[in-house]
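The chain below stands alone and is given as structure tokens, in the form predicted on its own.
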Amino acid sequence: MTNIVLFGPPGAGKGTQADILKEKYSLVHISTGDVFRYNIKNKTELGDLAKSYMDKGHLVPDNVTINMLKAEVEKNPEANGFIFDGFPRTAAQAEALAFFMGEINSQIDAMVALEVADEVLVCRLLERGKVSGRPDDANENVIRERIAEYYRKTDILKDFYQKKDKYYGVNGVGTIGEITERLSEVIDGLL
């Protein structure tokens, strides 16, 4: 089982790349954002709570995120591995994920971070907002707050995974194919 945390700020291209990599390596893609949107759309209790934070550009509390994630992993007991997109975002979440993966006799093999300049991210997200209908992608102030929140609360994860020799930074600027090639080099090195 190969388990990868695909990391990067909002708009880095995690979802696009995860869709490609899940097919290439037969992995299950779990996007925290998609899980949140599903729960919000279906007006679950966890979804309503998550929405109240996301609308302000803040991260959703750990217990809400972890409960949603566990349910997604448990839906795929025969998986060859997982691509975690948007999770973990804090050291506490990384510890909780490591604990949970240990419970199912597995582990996180790598954190692969897409690195993209802030101004590129803002442009990407505003463009995505025009076609996606996502309110969190339509407001530049909310976008900038999401990016700032990402750096404030998640930079520590780089250190967390570096200490375990599991951190890989990848240039997230270029064509989709170029970025996929860079990511594949890292993943191929893990297999």
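Start at 1 with the first residue shown and count on from there. As the structure is a prediction and not an experimental result, all values here were calculated from the model.
Below: the form predicted in complex with adenosine monophosphate (AMP), not depicted.
Put simply, of Lys164, Arg144, Lys70, His58 only one has a heavy atom within 4.5 Å of adenosine monophosphate (AMP) in the predicted bound form, and it is His58. At a distance of at most 4.5 angstroms from adenosine monophosphate (AMP) in the predicted bound form, none of the three residues Gln17, His29 and Lys158 contributes a non-hydrogen atom. Using a 4.5 angstroms limit between non-hydrogen atoms, Phe87 touches adenosine monophosphate (AMP) in the predicted bound form.
Using a 4.5 angstroms limit between non-hydrogen atoms, Leu46 is distant from adenosine monophosphate (AMP) in the predicted bound form.
Within 4.5 angstroms of adenosine monophosphate (AMP) in the predicted bound form, the stretch 19-51 places a non-hydrogen atom from each of Thr32, Gly33, Phe36, Arg37, taken in sequence order.
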